[in-house]
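Next up: the same protein chain in two forms, each one alone, written as structure tokens (structure 1, then structure 2).
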Structure 1
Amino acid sequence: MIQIQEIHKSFGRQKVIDGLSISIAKGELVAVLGSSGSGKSVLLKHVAGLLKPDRGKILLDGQDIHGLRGKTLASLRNRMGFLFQGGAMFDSMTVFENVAFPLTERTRLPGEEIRVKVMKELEAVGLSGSEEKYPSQLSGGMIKRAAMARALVRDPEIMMIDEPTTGLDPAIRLAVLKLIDESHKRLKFTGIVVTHEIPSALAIVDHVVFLKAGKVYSKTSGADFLSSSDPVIREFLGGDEGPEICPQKQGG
């Protein structure tokens, strides 16, 4: 379903992705781990076609995303949900309008149906009652959750999720992970979730991909990753990788 084949990407002199390959079967959810600055967000943007690799290809359903244009690209992206690390909410619109936007612009659903669907998504992320607020009136965690609702509202077949839980409090973190798990089971989307949420996030994914120096260092199951004896992985799990890593002892 998603095949990332030997991609390379440099920004100026900095090589961020250096011959990275991942292949994800239909319906699989893969966690991508790696220290801060290891190119996880850059990878997701490549899969969505927002960044173009210097070399290599990315196939979605057998189509090279960087070879698509116009209507075909739009219709492929229409099947994709993307959660940006910073939320990327439209700040001139309310939360309701933000979440409804993909539906009002890309579907012919009647207004009432859209309203019902949007309210359902907002309830699922625990934002009922905030629908008339503007993004600038929300806390960082609320923006993240509203953006999650917007990404899920079109029932995507492909999901790119960039750090869904960073900046949330422990209880809500678990709720968001549960939401991802449930919607994954319900929609059967193929997806990548970038996360620092170890170990709780590893329970909801099929594989764990660990990035190091722009390459895939290891691809394992969640349990194998946690019990790995590889010194590099142990060091990564041992924390001390940067301020963005969340404390490890929580949830369960």
Structure 2
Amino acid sequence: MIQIQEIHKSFGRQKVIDGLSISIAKGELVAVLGSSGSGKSVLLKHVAGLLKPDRGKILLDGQDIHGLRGKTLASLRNRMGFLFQGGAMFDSMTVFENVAFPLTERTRLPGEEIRVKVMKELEAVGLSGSEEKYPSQLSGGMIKRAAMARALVRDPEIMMIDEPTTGLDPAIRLAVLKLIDESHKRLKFTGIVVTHEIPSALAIVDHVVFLKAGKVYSKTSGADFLSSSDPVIREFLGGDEGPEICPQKQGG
């Protein structure tokens, strides 16, 4: 479904993406790992259409997203959801209004149908009863859940998730990862998760893509990545022992 073909991206003299290529199958959930500056978030923004490569192509269902214009581009973007690192909630809006925003701005659904969809999504992320609260009244974990509901309310086919557990305590990090796993199983979206959450995040994904120097260094299962004897991967994981091996993702 997603084909990234030899993309390059520089900011001034800094080369961030250097001939990166990868394919992600329909319905696959992939974790993108790498050291700071390896190109993780820049890759995500390219797939989302927020950045344009200097060279190379990004194809979604065979369509080059950076060659599209007008209604065709808008239709493609409507199939996407994006969970931003900080949640990116509108402070002046309630939780309900935040989650409803993609529907009120980009669809012509009647108000009652919007209300039903929003309340259903809030229930799915465990925020029933919080719809009238403002972001300032929410914990960090609740903000991530509300942002997830907003990203999923239009049933996206493609999800980009940028550092979903940053700044959260361990118990809440695990809860957010469980929510991502449950949402993926429920909606069957094709997803890319940029994360530092090792090994926990690797148990919910189909594959791990490891970036180094703006290229794909490896694509493996989570368990194979954590048990790899490759010295570059061992160094990234923090030594010979590394973190505890994660279980293989279970289907369903």
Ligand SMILES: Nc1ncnc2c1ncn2[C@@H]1O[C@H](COP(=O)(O)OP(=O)(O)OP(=O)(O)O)[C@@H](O)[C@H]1O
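Superpose the two forms; the largest set of C-alphas matching within 1.5 Å is the rigid core. Just so you know, these numbers come straight off a predicted model, no measurement behind them. Residues are numbered by position in structure 1's sequence, first residue being 1.
Deciding between structure 1 and structure 2, tell me which is the form predicted alone. Structure 2, not 1.
Core-aligned C-alpha movement of F82 between structure 1 and structure 2 reaching 2 Å: No: F82 shifts by under 2 Å between structure 1 and structure 2.
Superpose the two forms on their rigid core, then report whether the C-alpha of L174 is displaced by 2 angstroms or more between structure 1 and structure 2. Comparing forms between structure 1 and structure 2, the L174 CA shifts below 2 Å.
If the chain moves as two rigid parts between structure 1 and structure 2, put down the smaller part's rotation against the larger in degrees. When the larger parts are aligned, the smaller part is off by a rotation of 16 degrees.
Value in Å for the CA shift of L127 between structure 1 and structure 2, taken after the core is superposed: Comparing between structure 1 and structure 2 after core fitting, L127 shifts 4.9 Å at its C-alpha.
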